[in-house]
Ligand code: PXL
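This document opens with one chain alone, in structure tokens, the form predicted on its own.
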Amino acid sequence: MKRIVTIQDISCIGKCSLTVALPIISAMGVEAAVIPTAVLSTHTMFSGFTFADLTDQISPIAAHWKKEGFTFDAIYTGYLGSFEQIRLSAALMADFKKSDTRIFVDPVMADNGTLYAGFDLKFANEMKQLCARADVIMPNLTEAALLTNTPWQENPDEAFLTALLDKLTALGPECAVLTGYSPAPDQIGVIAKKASTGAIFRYTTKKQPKNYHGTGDIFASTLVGGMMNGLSLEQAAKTACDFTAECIRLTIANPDSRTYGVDFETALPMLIKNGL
């Protein structure tokens, strides 16, 4: 069985980050070790949430793992809340990367043209350190623009997107997967590029009429799980798009659904039945 470690926060209520990554990757038959960077009572869409910073636990955890001789087939970072967490994640990558260890970076920091609360352009520049170490990065359109010092466009054309992919792969990763690709109003998906071949891949699904928190984490975790199961980038991205769309569809169809995340749990059999 493949084993990965994922580094991101955990919200006790709210379907995002580790509460999404751990069950999805596990359902796909991959062991998921975790380093929680913080514990929140809820995710940040709720007001008055509690927050416990676990930055000081990252190095001791890594040191214990090194002592025990643990190894990982992949390292996957999601939401990181500080410069120090980026630095510690980079150090962990340096310590645990073997010749065949894959590095996945989801540079979570912005969406819809705006940085998340607490982040600034200096943070975006620091995030480039992890992207340079990665095999695969998975930014949305806003994050990609920030990483490449490109003015954000709400409705970019194909020429803009291919130039953006060129800039993303120039940061160092072998593959750049750009989420939020929408070539038509009723389509949503990804456009990706492999640096070694220059090949560009596009895939879209039917755009659902509602948006939910945490779908980027669902996509990224499914893509990681797929590639750990031997799928190509194209196959894993397609699986991740289809699964994310199914999660949203099932949530919309559920009259008891909540607003703080999608009902991904009911869609997990889709991954298991596909032999992933």
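Numbers for residues come from their place in the sequence shown, where the first is 1. This is a predicted model, so every value here is computed, not measured.
Quick note: we don't show the form predicted in complex with this ligand, though the next part is all about it.
Here the chain stands alone, but in the predicted bound form its contact with this ligand, taken as any heavy atom within 4.5 Å, falls in 35-43 among 59-67, 225-233, 35-43, 242-250. Checked against this ligand in the predicted bound form, the candidates Phe201, Phe83, Tyr116, Phe96 yield a single residue with a heavy atom inside 4.5 Å, and that residue is Tyr116. For the residues Val108, Val136, Leu130, Ile191, the 4.5 Å heavy atom test against this ligand in the predicted bound form is passed only by Val108. This ligand is not drawn, but in the predicted bound form it has no heavy atom within 4.5 Å of Ala21. Proximity of Phe104 to this ligand in the predicted bound form falls outside the 4.5 Å heavy atom cutoff. Among heavy atoms of Tyr79, some come within 4.5 Å of this ligand in the predicted bound form.
Put simply, Val262 is far from this ligand in the predicted bound form: not one heavy atom of it is within 4.5 Å. Contact here is defined as any heavy atom lying within 4.5 Å of this ligand in the predicted bound form, and by that definition not a single one of Lys2, Thr6 and Ala74 is a contact residue. In the predicted bound form, this ligand lies beyond 4.5 angstroms of every heavy atom of every residue of 82-100.
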